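Quick setup: one chain, the form predicted on its own, written in structure tokens, and binding and motion questions come after.
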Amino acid sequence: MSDEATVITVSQQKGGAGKTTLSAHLAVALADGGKTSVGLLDSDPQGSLGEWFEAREERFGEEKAGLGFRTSSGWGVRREIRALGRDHDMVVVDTPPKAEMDVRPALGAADLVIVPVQPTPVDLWATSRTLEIAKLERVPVLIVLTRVPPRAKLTGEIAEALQELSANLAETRLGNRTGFASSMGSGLTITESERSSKGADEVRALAAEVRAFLASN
């Protein structure tokens, strides 16, 4: 855990769960137009978050991208978290799927682990191991349902099953909206590209919920 900054690690053992999209959107929303200094750490070798950040710098310029950014992997994650923590109020860490040895340092350094889960049985099954690692590291977890389709019965069933895992389930859900992906392609987030959309409202609500959760734990 960092002494200098609040560290939020976004983790899920299953690939394709939306970790990178959630990391970027949450970081921008938490920064709140520069009111909070936020750093991003990409520890996923795929480097998708880094590509998004490069697109962001091309759009705004290096000085106006609004976020700090570093990359690392494995045990070097803790060192980079400390480095970002010296210059930022909050650090958001994006992690790779499956590779437990690479993920565990990022979980152990966190003040909060956020686990994105799509409302499918496969995502539900993959969540258990991430929760086990967080429990071993004694770090609180907040599960966030992502890519949620409208009026799907399965979503309610998955939400009930998640609550039985003795983990905290966020009230805010992120819908299955094309605006999330399209904004990322432009180096933006949906709160910047579609400010008045339902998707933007969801992200802002999630950021507020995360802040409240951190304050109460």
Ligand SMILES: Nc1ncnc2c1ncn2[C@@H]1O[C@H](COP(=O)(O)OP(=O)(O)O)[C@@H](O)[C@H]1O
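Start at 1 and count along the sequence shown; that's the residue number. All values derive from a computational prediction rather than experimental measurement.
Unshown form predicted in complex with this ligand; subsequent notes refer to it.
Although the partner is absent here, Asn176 sits close enough that one of its heavy atoms falls within 4.5 Å of this ligand in the predicted complex. Mapping the unseen interface onto this chain, Arg104 falls outside it, with no heavy atom inside 4.5 Å of this ligand in the predicted complex. Shown alone here, Arg147 lies within 4.5 Å of this ligand in the predicted complex, counting heavy atoms only. Proximity of Trp52 to this ligand in the predicted complex falls outside the 4.5 Å heavy atom cutoff. Figure note: of the listed segments 178-186, 154-162, 32-40, 65-73, the one touching this ligand in the predicted complex, with heavy atoms no more than 4.5 Å away, is 178-186. Along 4-39, residues Lys14, Gly15, Gly16, Ala17, Gly18, Lys19, Thr20, Thr21 each place a heavy atom within 4.5 Å of this ligand in the predicted complex.
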